[in-house]
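Okay, so here's just one chain, in structure tokens, the form predicted on its own.
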Amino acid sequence: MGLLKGGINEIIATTANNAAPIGIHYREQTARMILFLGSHTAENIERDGWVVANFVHDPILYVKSAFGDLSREAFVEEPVAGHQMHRLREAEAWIAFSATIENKTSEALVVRLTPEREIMEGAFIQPINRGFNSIIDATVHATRYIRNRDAELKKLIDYHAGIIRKCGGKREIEALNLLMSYIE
């Protein structure tokens, strides 16, 4: 797998007409996801046994997919390993995985990922942008914040909002405004 690097890789995971930002844990040549039970992503993976990791550099798409459903036009069907898998139309690159549940608790699934196909749709160089990185972090905190309204999570969101305002471009600031509308 050339697209994944060691550590947690932030991607937008797609299942059957569903998208959500997820971290893929990639260590010692093994890829895994940890999914909260009750999410569409967990339900679809448990039912269908596949997931696609979409590499996207659009901060608004990360926020939209974290808090709402994307339109069907956002997806492209790809025949992979005997399944009609769905990837994002805007993906710059993607990896289609078979997904095997390794462990299931009362709260989460641990899913082992086996790559079936890896595609780069184009060669893109994305400069490091602290505003984009902070949108990812703020979105992670916000998905947890809306569940429990923890004041510490709100402080982290506000911290990242400051970085986004200082370092982000137009799309990152638009993504921040959208994120704030979801959590207020």
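When you see a residue number, it is the position in the sequence shown, counting from 1. Only a predicted model underlies this, so the values are computations on that prediction, with no experimental measurement involved.
Although it is not shown, the form predicted together with a small molecule is what the next lines describe.
- Only one of 51-59, 115-123, 37-45, 151-159 places residue heavy atoms within 4.5 angstroms of the small molecule in the model of the complex, namely 37-45.
- The shortest heavy atom separation between Gly168 and the small molecule in the model of the complex exceeds 4.5 Å.
- When the small molecule is considered in the model of the complex, Thr139 lines it closely, a heavy atom lying within 4.5 Å.
- At the 4.5 Å threshold, heavy atoms of Asn129 stay clear of the small molecule in the model of the complex, well away from it.
- At least one heavy atom of Ala19 is located within 4.5 Å of the small molecule in the model of the complex.
- Using a 4.5 Å heavy atom cutoff, none of Gly2, Lys5 and Ser98 lies near the small molecule in the model of the complex.
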